[in-house]
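Here we start with a single chain on its own, the form predicted alone, put down as structure tokens.
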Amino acid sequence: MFRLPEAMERVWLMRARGMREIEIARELGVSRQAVNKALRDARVKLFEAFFGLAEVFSWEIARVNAEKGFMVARGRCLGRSVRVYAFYIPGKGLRAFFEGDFPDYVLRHAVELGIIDEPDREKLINALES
């Protein structure tokens, strides 16, 4: 299972929640350059993970947002075309869901990262698709 290294995940999550690099550096007691490098490396690893997942399952990628940790793609399931939404969930790794069938923890995660303002399935789909 793909997961970012713990320290990198912490930096990525703080940035995804809206903190600035200098605030993250101050909070963690590291340099701003170290934060910048961790974020750059996290984005690369997340892009690679999302593109790798799409390649393995032959999904067509519509959108990838490594800063917020999600991908929107189109795939085939039971002979029909379906929308696939994949998320990087801290502590859990990559998770993919078909046709917006999101569990509550994904909705809470999307609120926490500011993707949506309340845990609502339709709002999340609209935010991911826009």
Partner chain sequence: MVRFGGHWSEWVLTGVIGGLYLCSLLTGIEALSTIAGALFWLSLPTLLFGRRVKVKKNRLVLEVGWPVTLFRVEIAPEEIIEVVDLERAEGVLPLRYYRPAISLTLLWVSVGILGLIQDPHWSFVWFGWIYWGIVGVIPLLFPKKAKKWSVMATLAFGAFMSCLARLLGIKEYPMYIVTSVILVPFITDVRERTVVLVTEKGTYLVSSLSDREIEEFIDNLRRLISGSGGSNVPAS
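Just so you know, these numbers come straight off a predicted model, no measurement behind them. Positions refer to the first chain, counted from 1.
The same protein also has a form predicted in complex with the partner chain, omitted here; what follows describes it.
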- Task: Would you mind picking out the stretch of 100-108, 23-31, 49-57, 87-95 that comes within 4.5 angstroms of the partner chain in the predicted complex, counting non-hydrogen atoms?
- Result: 49-57
- Item | Contact label in the predicted complex: Arg76 to the partner chain, heavy atom within 4.5 Å | no
- Close approach of Arg80 to the partner chain in the predicted complex, 4.5 Å, heavy atom: no
- Note on the structure: Looking in the predicted complex, the residues of 64-80 with a heavy atom no more than 4.5 Å from the partner chain, listed in order, are Val64, Asn65, Ala66, Glu67, Arg74
